[in-house]
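First, one chain by itself in structure tokens, the form predicted on its own.
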Amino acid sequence: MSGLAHHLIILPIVLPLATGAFLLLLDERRHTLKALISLFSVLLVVWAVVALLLQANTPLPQTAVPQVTVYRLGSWPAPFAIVLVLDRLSAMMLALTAILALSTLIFSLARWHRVGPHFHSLFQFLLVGLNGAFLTGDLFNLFVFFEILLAASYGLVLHGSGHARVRGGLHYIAINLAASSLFLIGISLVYGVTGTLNMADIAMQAPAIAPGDRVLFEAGMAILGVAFLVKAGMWPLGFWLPGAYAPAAAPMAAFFAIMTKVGVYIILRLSLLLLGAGAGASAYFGDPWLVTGGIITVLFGTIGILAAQDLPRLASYMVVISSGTLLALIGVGDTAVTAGALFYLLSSTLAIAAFFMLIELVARGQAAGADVLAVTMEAYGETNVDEDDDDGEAVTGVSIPATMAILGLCFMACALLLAGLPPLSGFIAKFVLIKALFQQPEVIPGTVGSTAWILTALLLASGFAAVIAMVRAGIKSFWLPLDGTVPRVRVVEIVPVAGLILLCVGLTAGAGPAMRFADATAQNLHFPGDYIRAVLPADFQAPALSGGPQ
């Protein structure tokens, strides 16, 4: 690969970085110009990411080996220089991020981009951090991109002000600052033992780490794991998540659906690359904790969606269930289960993002406090209440034809996706996962392990709880006569919601190719030899460690 095509891998990082910096120079009152520049930048990123996805999924010429593209900054070889690495998993996460970025940015152009300062710059910097985290090949630059996305998210979680947003945002900032400190401590321990932060180099050295140093190495990996599990929202480390996501501005909450998946992505990447089958005595370190923590997280989220009295909090607990499910599946450590988890990740993230934006549109037709009022009426058997039509809503007005019908159809589609009911992709994801869980190789042939039964029960129970919660929320939002206001919904707002749902429909129709991609990605993750050989020079030999680096 040569010429401009070779540099395409860095475009999803450099382009939003330059755009965000340029937008800082423009007058804050020039909303239209800033919006157009930001939108054009995101469209270019989408184009680049699609090209990278096709590139990562195309075998090398005359071989069946998948493309693992390595971009060496400054042309210095790894492990001595910064490298960006593109494989199927990173390309998939880049594509998912670009889709959510485009959808939420279009949604925000209706009004949200004007309700706070430097929205578009923060949005572009968040995109820099996300794309960089998915592409980087070393732990230090993972920390750098992690901090960039966190710094941008601090401003966006507070976007629009308000007491609830400020309170939830301050909790979010405090927790993530603590996680960043743990991140640095973990990196220091790993570097002290291996003498490198390049992930492929660490994977080469892990089997040969001396027994006396292995405790420090595993301690460093455990501390890193805690930092990432905070971001992934695993119980009890994810207690901050509902309080931060629920009051956030609708497009930001939707975009933040990918934020928890950053933690999930890193756990998946490091657990299989650094602590996989080839890690010697550290192989599968921490996997039982992931399974246990994921199971408890799903239970916590299931209780949360049943107890939620408003739609934003319901959506926040859906994020918790999604993260817990993925973490438990990663801990299983089976290739087929990992493939199903990747398909589930795509479906659940798209559905949750669409649901967050849909909630804001549905809420316009309700009086303030209508959700709590509906719960009170339900408890006391009331069916009617007189409400003042003058609720001061600034968004009421002439609505587009069939507004409530369109919102209702979108709500029903989100309910099917989040509950995992047929015929949409949520059902296919759970079906594939259950099948993979029961086909795992067991120590005793012909038996099914307890983990498979527990996870299957959780998948079904969380889906049933989602049905109850979504049906109850749908009745309160569309059927109860709390007021007669028809919300004003603009085309620029409904198109992103419908677009994400249609992508899930496309994922359903194209489940065969999508699962083949997921299977190939899982194979690459569980057998990372191609990744390591692509990153490290052919003549590079990891030092034999007898007592750690001298």
Partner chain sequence: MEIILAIAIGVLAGSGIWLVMRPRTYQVIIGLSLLSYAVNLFIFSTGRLGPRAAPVVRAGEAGDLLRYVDPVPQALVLTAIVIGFAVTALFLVVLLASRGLTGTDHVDGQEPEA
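Numbering follows the first chain given and starts at 1. Because the structure is a prediction, the values reported are computed rather than measured.
Separately, the form predicted together with the partner chain exists; it is not shown, and the next lines address it.
Checking S188, Q309, T456, T292 for any heavy atom within 4.5 Å of the partner chain in the model of the complex turns up a single hit: S188. A178 is the sole member of L409, A81, A178, V226 with a non-hydrogen atom lying within 4.5 angstroms of the partner chain in the model of the complex. With the partner chain omitted here, the record of contacts in the model of the complex names 180-188 of 344-352, 180-188, 201-209, 89-97, defined by a heavy atom within 4.5 Å. Residue contact with the partner chain in the model of the complex: L237 places no heavy atom within 4.5 Å of it. Although the partner is absent here, W112 sits far enough away that none of its heavy atoms falls within 4.5 Å of the partner chain in the model of the complex.
Residue contact with the partner chain in the model of the complex: I434 places no heavy atom within 4.5 Å of it.
L149 falls outside the set of residues with a heavy atom inside 4.5 Å of the partner chain in the model of the complex. Taking the partner chain as positioned in the model of the complex, none of the residues of 265-280 brings a heavy atom within 4.5 Å of it.
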